[in-house]
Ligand code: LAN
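Just the one chain here, laid out as structure tokens, in the form predicted alone.
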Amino acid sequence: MDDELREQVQAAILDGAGILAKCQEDDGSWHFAYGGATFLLPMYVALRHVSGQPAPAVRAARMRDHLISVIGDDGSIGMYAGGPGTVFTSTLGYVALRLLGEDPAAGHMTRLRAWIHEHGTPLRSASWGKIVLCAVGLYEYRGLHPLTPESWLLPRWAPLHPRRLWCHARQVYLPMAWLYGRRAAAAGDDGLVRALRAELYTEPYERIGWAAHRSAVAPCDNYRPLTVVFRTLSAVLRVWERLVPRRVRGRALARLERHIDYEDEVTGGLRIGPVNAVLNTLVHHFREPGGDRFRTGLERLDAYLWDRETTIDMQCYNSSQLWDTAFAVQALAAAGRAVDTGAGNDAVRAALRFIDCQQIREELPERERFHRDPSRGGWPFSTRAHGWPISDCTAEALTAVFHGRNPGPGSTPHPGRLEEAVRLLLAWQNPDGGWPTYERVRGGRWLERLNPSQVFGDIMVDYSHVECTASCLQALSAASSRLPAFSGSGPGSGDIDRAVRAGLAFLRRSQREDGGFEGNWGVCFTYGTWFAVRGLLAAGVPPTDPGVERACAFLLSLQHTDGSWGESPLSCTLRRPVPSPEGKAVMTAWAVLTLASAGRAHHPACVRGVEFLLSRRTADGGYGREGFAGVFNRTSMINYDGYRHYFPLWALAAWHNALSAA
């Protein structure tokens, strides 16, 4: 191998480790932007308008600037900036801009309004858009499919009990059901709302036959069409809506309120994500305008606002701090093995102390009553205050702890708490051998036939995922050699062996005919294949295994002529590889990591990938922003800004280390 190239890589590793260390927060974490979904900020703006709490003028102007920036060349707003337009996001974006004071005669507003009209007006928005408009007074509840609150009164064993839903869906439809059950809407004498009714619709608002538009949806919003099963259930529930006794409805709403309050309390007001955070706060407003719960909820929403640059956006989570920190530690540890970096070692020690502080130490009170799984020993995506542990976050935190270089005393969790984390990972495993995100699967895949969102895919139950499974295999394999309770003749060694075998079988079944693996949380096949190969190798599969060889061949088939890798967000929605116009440093890093770990560091394609990474460095030795690398439920792209800081560094270090070990 060319010595000059290796020297260039060593220099790049030193630069990258230094840049990453400089990005570290005082608490030892890395806190990067984690945004992208265009419907979040409009929901927040709508909440502030409905509750009579408009954003301060300076903030409102910066929010307005952000919303204008995501309007596409055709006048629409997509699910993410630059994505194909949807009526759902275009309508909410238009409404938010008007609520923030934008002139309807402005050129971008005229184009946006024309696009909405051309695609059917809000009458053809996906369901999530319609219910937000209902709360503002811009759509009528009788134009929705029922979101029946009484489902929460069903016995726990009932197949349709909401507890069976994936927690993100469950926690979102909880406040939606309350809003629907109360027909909660802002007062109709708002002059701006009256103006918006005239602007958004092509016929007088008072003459619209709302019931006829329950299932109306524009093709651009109809990613997951409503099924016959859903429509049949909806017809039954519409009959129930006419017959439900008032006292039963009252009981159901009270049950929902207890669950909403519980979610607020055990997450310190953060809630699981921004959608239910906004909707829960909206519920509090309609329950008790200006009350303590409303004020606290509104204040805690600041945690979701990214206010560090020229505009204000709303993030897809309160932060990605634990996730970013766990990967940053692994990248710096790899860099430390390649090149001695004092700054990197100091950063790792501080990061491991942060990771230690974020581990969840105790179970939630009354968790079974509120349909929560065990959480003690786990790690969340963001911080311990958030309180929702996730399998791959727990696994990556464990892996970071195990792989951090000589962290020093007091930097890592006590071995007993590491054992708790391993037990939680083992308990999370699904019957199919894979790992879900937050909870073991509680319902059958048939529940996806009841997906009412139209714009999201695979949201109804907590499926097993390639990435989560691979992360857990990585952590469990490391634990089996580092924790006495799970190694050798330890009492838990057999548990890990059985879990790893089942997880390995799941990964093998997940491999596509073309050799690749589909990612669920990243864009897309490059991401999924990196995780999968990482998991296969951690489970003891040799680099010569046919599954690994097929995966590497698949990646080689995706390489661009300049040595890079890059996929379009369309890979996620179309569920097949779609190359991006130009290569991406982050996706190239995933491919290089895969090939280097699979014994192919000398392969010309891997070397060319390394050369591409070197060529894309900015003047300061880092990497510029390239677009979206993450995704939520197939259609909503996410910007993990931290990825450009640690994945290229990690890939260069892994390549260097693989050559040194050869």
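Residue positions are given as counts along the sequence shown, with the first one as 1. Since the structure is predicted, the reported quantities are computational estimates derived from the model, not experimental observations.
Heads up, the form predicted together with the ligand isn't pictured, but that's what we're talking about next.
Colleague: Within 4.5 Å of the ligand in the predicted complex, counting heavy atoms only, one of 577 to 585, 550 to 558, 166 to 174, 215 to 223 shows up; tell me which.
Modeller: Selected range: 166 to 174.
Colleague: Among the candidate residues 326, 572, 468, 479, which is the single one with a non-hydrogen atom no more than 4.5 Å from the ligand in the predicted complex?
Modeller: After the contact test, the surviving option is 468.
Colleague: Could you tell me which one of 438, 80, 354, 506 places a heavy atom within 4.5 Å of the ligand in the predicted complex?
Modeller: Contact check passes for 438.
Colleague: Is residue 275 part of the interface with the ligand in the predicted complex - any heavy atom within 4.5 Å?
Modeller: Yes, contact at 4.5 Å.
Colleague: Indicate whether the ligand has at least one heavy atom within 4.5 Å of a heavy atom of residue 180 in the predicted complex.
Modeller: Contact check for residue 180: no, nothing within 4.5 Å of the ligand in the predicted complex.
Colleague: Given that the partner is absent here, does residue 597 sit within 4.5 Å of the ligand in the predicted complex, heavy atoms only?
Modeller: No, residue 597 sits far enough from the ligand in the predicted complex that none of its heavy atoms falls within 4.5 Å.
Colleague: Is residue 392 one of the residues lying within 4.5 Å of the ligand in the predicted complex, judged by heavy atom distances?
Modeller: Contact with the ligand, yes.
Colleague: May I ask whether 10, 612 and 623 all come within 4.5 angstroms of the ligand in the predicted complex, judged by heavy atoms?
Modeller: Not one of the three qualifies.
Colleague: Any residue of 75 to 101 with a heavy atom within 4.5 Å of the ligand in the predicted complex counts; write them all down in order.
Modeller: If the 4.5 Å heavy-atom criterion is applied to the ligand in the predicted complex, 75 to 101 yields nothing.
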